[in-house]
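We give structure tokens for two forms of one protein chain below, kept apart as structure 1 and structure 2.
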Structure 1
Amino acid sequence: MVSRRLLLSVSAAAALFAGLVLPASVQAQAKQKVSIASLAFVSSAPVFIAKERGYFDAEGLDLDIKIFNAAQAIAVAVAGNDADFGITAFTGGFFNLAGKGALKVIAAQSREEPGYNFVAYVAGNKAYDAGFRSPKDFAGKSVAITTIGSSFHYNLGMLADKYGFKLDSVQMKPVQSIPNMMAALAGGQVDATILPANNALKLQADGSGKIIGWVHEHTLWQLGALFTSSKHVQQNRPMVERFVRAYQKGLADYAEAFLAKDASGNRVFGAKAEAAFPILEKWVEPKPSFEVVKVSANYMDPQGRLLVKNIYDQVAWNQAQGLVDKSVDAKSFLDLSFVKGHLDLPK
């Protein structure tokens, strides 16, 4: 407790000091107003951290974080110039919108990474008792997902490809929201569902379902990204560069705080996590406990590098399902020039 309070005051003093020693030129000139549309989730934590620790201010940006409650609306807001940046998960809807040329993906957000529990496959008790113990056995099961074309849908698609079952044989039950998915599983309406870690663990703790595996144990992929409008990329390139730099600092802080592992490979949440926690408390809804943050802190590349080939794969998969227009080309909405060293580039 003492150490945490001490840390807080030290960091406050550091911020103050930074403010004093900043070059007068940067301080004096009016900061440029920019906005980002985001969900109030832990997966937007790097933005919150960078904002609270003044990394955007240091780049001369006055950032306004607009909280949305649906991923869809974020992409629409950026496409419609209601926000300059957006940060959220990829969906079929996102690709369709991006394919119309209004959006550019510039840096990474969450991804599935070995050793980091993020999204779980959860079996209902009845199905579990009947022998449903592995994500390899999804064929013939009914599965609650949010919507067709959602990341949960894609998870199943990847499993089907990897383990050679027919996706058609899985009965997809779109129920729109995560609470509905949990209710459907708890009420025995479906055999399985796919949930973020904190929801999955809660369901398991309540005895309403059993976690039968984690996505990262089976398939690795890029869940979300930071994006902006094509207009900004063309006309305000320096501003976008400054924004990405601040975001990367936020990412680095986040990684240090929440993605650390000890020598034996177990995740540890030390002083840095505790120092960053108040920021999440302030921004994340519903207000998380430290324990919740520990299970929902998902992996993000510390430098914002994307798994590029996977994005091409996602577009192709959605097109094969008839969810994304054939004319959409991943190449046209990716701008890989803002972050160096993107991963797994397609040949």
Structure 2
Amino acid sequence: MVSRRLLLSVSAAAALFAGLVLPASVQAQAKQKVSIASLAFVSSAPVFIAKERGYFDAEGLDLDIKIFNAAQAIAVAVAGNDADFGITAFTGGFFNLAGKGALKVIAAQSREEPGYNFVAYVAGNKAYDAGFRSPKDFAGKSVAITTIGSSFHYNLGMLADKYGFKLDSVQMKPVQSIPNMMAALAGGQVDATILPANNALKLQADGSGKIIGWVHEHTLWQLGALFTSSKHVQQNRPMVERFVRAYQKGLADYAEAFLAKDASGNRVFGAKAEAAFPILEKWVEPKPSFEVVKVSANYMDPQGRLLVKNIYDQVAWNQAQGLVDKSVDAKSFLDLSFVKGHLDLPK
């Protein structure tokens, strides 16, 4: 018969073991739930990579990625507390929400950089056959965009400023989402549209349109950013810091995989790109081939550094168009403390 003393010793040992093991288990279960609103684009790849490779988990964050179809909806979701973070392009609506104190920009996402395809100008077949072959010739054309004040609207505005045509000569047709823009062009409802590379290449492959140029060939700018609510910056700063650290690891992996160049300046895609591709294949829509990713992997600063003055310029342009309130000041919604070494700081 087992002695009472032995039973007590075994029980005490079990309790001690549980005391050592359970807290780690509980800690693993107690990761902080956070969410990010995103588009299913290659430009969101650093978030997808960081999630799939456990970088958010390592920071104690259980990340839920919520996919949207337009940039403006992402800004509204974060401002309305339907998502903790957002990552997408700047829009006039974003600037208005941020100017009212709802949003804080904390790191960079995509930007138009020479030699890196991101957003394409796409002509419909009828317009192309009629001679619409250059982004310089948008005057008098009808163009599908998501919303007035969107990044696509701004792309047209930059072209108008550079090539001297009147922006109001372009018939912009807001159709609310990227899939609707693709459908409008494929259905012959518009002469052109402006799309992220993966979507543009899909249209071209389907025979529904022709790519007539890339934004980086004409106008360079800081297109997108990572942002959160002002409330999180004020009340949950440690969580935001952890999120940014995980995001930066995703950015670094993305850069090593998809932004590398050889000694001659040619882009190269080696083993790291092949290893990361299944993650993009899982999250990006329409699902890309590896060859498409090689064409459409756009530039993002590997540390998440913003081109700061360019954001001031975007606000000013939107204000001049009557799309953003005159009271909005970029300085009020840019929090440059989470990432070191931001670029092109205003003097």
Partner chain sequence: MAEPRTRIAFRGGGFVLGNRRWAPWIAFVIIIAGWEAASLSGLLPALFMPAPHEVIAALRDLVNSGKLGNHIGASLYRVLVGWALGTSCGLVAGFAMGVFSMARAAGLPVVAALFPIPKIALLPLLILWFGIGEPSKVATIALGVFFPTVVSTFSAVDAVPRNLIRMAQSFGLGMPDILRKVVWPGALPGILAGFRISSSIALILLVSAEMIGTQVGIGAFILGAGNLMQTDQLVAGVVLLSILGLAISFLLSLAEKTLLRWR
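FYI, numbering is relative to structure 1, first residue = 1. Just so you know, these numbers come straight off a predicted model, no measurement behind them. Between two forms, the rigid core is defined as the largest C-alpha subset superposing within 1.5 Å.
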Could you let me know which number goes with the form predicted in complex with the partner chain?
1
Core superposition between structures 1 and 2, C-alpha change of A108 at least 2 Å
no
Look at F269 and decide if its Cα position differs by 2 Å or more between structures 1 and 2 after superposing on the rigid core.
no
Checking Y121 here: with the core superposed, does its CA move 2 Å or more between structures 1 and 2?
yes
If you line up the core, how far does the Cα of W214 move between structures 1 and 2, in Å?
3.9
